[in-house]
Ligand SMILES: Cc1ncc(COP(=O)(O)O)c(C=O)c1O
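First, one chain by itself: the form predicted on its own, in structure tokens.
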Amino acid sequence: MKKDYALKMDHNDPIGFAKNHFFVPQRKETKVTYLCGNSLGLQHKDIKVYIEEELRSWKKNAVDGHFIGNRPWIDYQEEVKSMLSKLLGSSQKEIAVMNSLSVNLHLLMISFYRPDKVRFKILMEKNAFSSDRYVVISHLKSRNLSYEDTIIEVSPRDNEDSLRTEDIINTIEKNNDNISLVLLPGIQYYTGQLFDIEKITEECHKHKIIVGFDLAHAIGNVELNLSKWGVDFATWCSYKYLNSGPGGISGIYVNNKFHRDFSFPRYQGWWGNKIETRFQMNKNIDPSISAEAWVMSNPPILMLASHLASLNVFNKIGFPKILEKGKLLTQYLGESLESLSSYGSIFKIITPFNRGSQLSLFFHTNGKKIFNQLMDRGFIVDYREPNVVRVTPVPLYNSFMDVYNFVTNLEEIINDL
């Protein structure tokens, strides 16, 4: 592990300036290195400007703010969707900005989980994020279906940490007559594994199975091409790699093939009505022919302002540049960790090479103790039972020296055990 390399890479970093536009937590006696963007992204300094602009519009224009001002609220979300489309690899019509991830997953399952007597099973990973599991369980209960009879779980092989794509494909093939829905993450929250969304989608469609993805850890972190891959639906949150604030607004992707297909039921609200007839207050909805048809209420402007400010950073810098630095940072972190004498005996990386910025370190012993000591030294990382420390160098606000300092301190902590 060479310090000179980190200094050289930071000196030549074409997007290194971006970190100066984010607020880093401060401690009086300890310099903070933030490596937890997989959980909550840092605040960009422009967010306050964007929110205050809408507060002024509300103060000055009141209800007229829907139709006048720099960004009229009636179509505020259009600029947000324009930027999101570049991160998702989709058209704007396939995106709606609304609610939170779990609420959106509920709404999407209303539309896309349509079990019958033969096809009623749902394929998920065994170690799915808890909230996704809770959503699915509640839908099963509403249909008087049991978890044991309905859920097909896929998991890593014995003595392996990540799922093999071939095992997912084979499970779909084996159970294709009974599967109604495949629901998987884009990136697994615990291991950091990036799933092969394209291959999984192709296999599902070969058997006419609906497939959806939770992109909470993928959006803004890895390249996505949802339209090209033909993904049926997806949802995500905006407070991790998109840096839009705690509890930031979510969004959905619905493939355009469903926009005119009303055989898929939707929970509806007035904002899902076409904008041309929305204010006519007709008895029956005139649904938007887009993902907007799934929107129920007018959007929360202050949350959208924070979201727009954050997305504008991606727009100004260019997502390809961010992805390129992210790959280099994570590669440097991985190679530096693997060079330590304690690698293998004390800890190992369980994140496979198909990944984003997150590396998950599994400690054979003393995981929580090591995590606490890292935090005491100012390294804000993330702990997950059992014995995993998630470390995420985010390209927008982390440097190669951040990585160097983290690995150096980790080595000192382990040597002192």
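Model, not experiment: these values are computed from the prediction. The numbering used is simple: start at 1 and walk along the sequence shown.
The same protein has a further form, the form predicted together with this ligand, not shown here; the description that follows concerns it.
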Fill in the blank from the handout: Contact with this ligand in the predicted bound form, heavy atom within 4.5 Å, among 240, 81, 325, 121 goes to 240
Practice task
Report the residue, out of 132, 203, 292, 232, that has at least one non-hydrogen atom within 4.5 angstroms of this ligand in the predicted bound form.
Solution key: 132
Handout entry: Proximity to this ligand in the predicted bound form (heavy atom, within 4.5 Å), stretch among 72 to 80, 152 to 160, 97 to 105, 306 to 314
Key = 97 to 105
Practice task
Report whether the minimum heavy atom distance between residue 216 and this ligand in the predicted bound form is within 4.5 Å.
Solution key: yes
